[in-house]
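Given next, in structure tokens, is a single chain: the form predicted alone.
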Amino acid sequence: MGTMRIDGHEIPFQENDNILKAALAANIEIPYFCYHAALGSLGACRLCAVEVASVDPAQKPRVVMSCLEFARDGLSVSVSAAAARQVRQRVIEFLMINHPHDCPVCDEGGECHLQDMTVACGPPYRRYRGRKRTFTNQYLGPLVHHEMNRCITCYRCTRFYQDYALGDDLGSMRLRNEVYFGRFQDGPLTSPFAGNLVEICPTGVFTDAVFRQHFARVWDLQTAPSICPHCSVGCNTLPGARDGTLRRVRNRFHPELNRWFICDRGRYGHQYSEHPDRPLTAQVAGVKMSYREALAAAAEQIKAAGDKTGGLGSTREDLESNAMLQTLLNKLSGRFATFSDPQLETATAAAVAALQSSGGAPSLAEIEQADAALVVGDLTAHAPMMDLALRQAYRNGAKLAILHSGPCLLTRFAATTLTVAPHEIGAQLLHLNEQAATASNASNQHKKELADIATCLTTAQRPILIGVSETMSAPEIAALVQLATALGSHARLAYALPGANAYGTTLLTPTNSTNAVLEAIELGQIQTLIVMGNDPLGDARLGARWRAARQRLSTLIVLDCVATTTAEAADILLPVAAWAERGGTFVNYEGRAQGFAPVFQRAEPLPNTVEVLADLAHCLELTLPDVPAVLNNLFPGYQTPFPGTMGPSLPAPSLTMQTDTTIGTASITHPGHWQVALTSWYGDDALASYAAALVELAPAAAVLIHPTAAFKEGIEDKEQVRLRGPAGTVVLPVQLNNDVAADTIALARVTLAQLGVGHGDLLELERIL
């Protein structure tokens, strides 16, 4: 800590700060291009020139690049010195020699750093009259548009893509003024974080390809602070809307979570709200009606059912909606649940209980500081920004260990990888726990890997354990808790939960409520079911059972903003506002309650779920308390988080971890059957699966099998095989993959739903000869 002077102002700085960083922290503007707070200094653009006075009065001041010069106590800096201004002006003039003068139609207009710096530094003219250098643009996929002629060679793109996000399919090529930033050949960028190029590029070389399809000038966009609805991390975002439609989503800085970046699912998943099949008009028995008519029909059916009414909330709906649905069901003496799969309910409850008892999960900024980490499952698919945080830990020297059953992008950076069938995950965690507690040698086939992981974790000062709850059972989650306990109080624990509000929803979920609701429907004890933002009929493991149970219902009422299988089967469909069209609260994996504000309204506004529930209660002549009263009753001391703030911890009562099954030590094998592992990808979730640009990048459906296992069964690559599950039969080609465990086949979520199986279930595979 020290002080220096910039143009007469005393400026504090921290140790190892450069002049530019200290100046920006003190709100003193020094023009720059290549510097970025996340990427550091490079000195490529030469725009941040300042004049530094010498400590020796006999020596003249010298011009330096402020991003490369460390701040020193007593240093005297001038941004306004004539020599520094001249350097900056010449740099701008040089950069503009080849830059196209397409500002009137440039996508970057209104957000162009080059335009801002040109206005700030000058010159306001162009002396060069020669021919401009031009490049050929590339097709980089449906998410990012390429316009290479706007490049000023600041290297921000490759420093982010290669150095920060650890991608390897975009780089710099050629020399001198012919440097080209792109891929070796046309094709979609493969990084789950490629969309950040749009924001990190200062000049419009990389722009939002989805936004371009329905473009608006940025100063015409309506914006408001929001929270990403696509996973449990709770990244802060800034959606932009125009003329009643949502056009784009950008990152919004949160110092403890996503900071400068978001994943591509968070950036492009919003297309679901503009999907052509989105329900926008209420329907009764498939006939379009007004909202009030449909509401009256729903109220009539609920009145007839009385206490034989059930309700199903959702982990993708906000805290307010789930709490109000639960309150309405309580008034009706009905049953309430929030998950469509009892196993997922139990696992998520166990994960939330574990997070509460462990003192809270680490933030993304804390995950970046880990020096060792064990990940159980495919983190990239379920919480991409946790993956990006671990990549920063890896860059800083942390050793990563991955315990998984199917394809997993993080294995590229892992010091140790242990690939086992889903049913062996728990046993391996127990072995690891024994190793960590007693430092004994492991005695199973994965002896070396287990020993390496145990050594890595026990010798670390800041170890972190992260589990993916959707692909773990409750006993496996408990085993991970035991391992964290064995490592000591310095070990941190986190789980990627199944939904933006999974943490908050779980706190409202009665124990074993999913089974209770499903069985009550099957027994005729529930005649009318209200489903809010959930898709039980499309559930992978239990979809077939839910579809059979649906036949027992007299009325299925659905409140949703996407055309799910359940919405299409509804007797009464009440379309509701998507997340950007309303306000609410999501509770992220840390238990952090974050408010989001309504960004815009559609030309024909849709009610939000809370309004629909309140209107239903009015039609039923019931009096519901208002949302703040309901939440204060559920969470004493609760205060609604203001959108745009850090987000406080939810004052929630502690859950008790309930694990009534034990982990077996022997693997489950049945002749002719394979264990199923869910293979997902970063664009896969209940909402983003309606985003056209992301869907375009989805991997082709296939049966992923390890080459050794395939050879053992005589199965060849690309061979067609038939899969038989409880819900149906599917024929798919085989794709050999070294990241799949033995005796395991990895399948996409949509295929699991067709077959009626979930992660860890058994499946019959037959060769088609």
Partner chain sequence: MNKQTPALLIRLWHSLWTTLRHAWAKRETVSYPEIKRPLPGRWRGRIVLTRDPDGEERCVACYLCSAVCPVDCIHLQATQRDDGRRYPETFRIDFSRCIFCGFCEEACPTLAIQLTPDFEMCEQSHGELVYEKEQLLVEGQGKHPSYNFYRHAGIAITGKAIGEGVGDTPPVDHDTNLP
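Positions refer to the first chain, counted from 1. Computed from a predicted model, the values in this text were never measured in an experiment.
Not pictured, yet referred to below: the form predicted together with its partner chain.
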Which of 397-405, 534-542, 238-246, 297-305 lies within 4.5 Å of its partner chain in the predicted bound form, heavy atoms considered? The stretch 238-246
Partner contact for Glu366 in the predicted bound form: its partner chain, 4.5 angstroms, heavy atom: no
Tell me, yes or no, whether His431 is in contact with its partner chain in the predicted bound form, where a contact means a heavy atom of each within 4.5 Å. no
Looking at the partner-bound form in the predicted bound form, is Thr134 within 4.5 Å of its partner chain by any heavy atom? yes
Using the partner position in the predicted bound form, report whether Pro625 sits within 4.5 Å of its partner chain, counting heavy atoms only. no
Contact residue in the predicted bound form, chosen from Leu175, Val287, Ala603, Leu280 - any heavy atom within 4.5 Å of its partner chain: Leu175
Looking at Ser689, Gln343, Gln326, Gln138, which is the one with a non-hydrogen atom within 4.5 Å of its partner chain in the predicted bound form? Gln138
Within 142-173, which residues have a heavy atom closer than or equal to 4.5 Å from its partner chain in the predicted bound form? Glu147, Asn149, Arg150, Met173
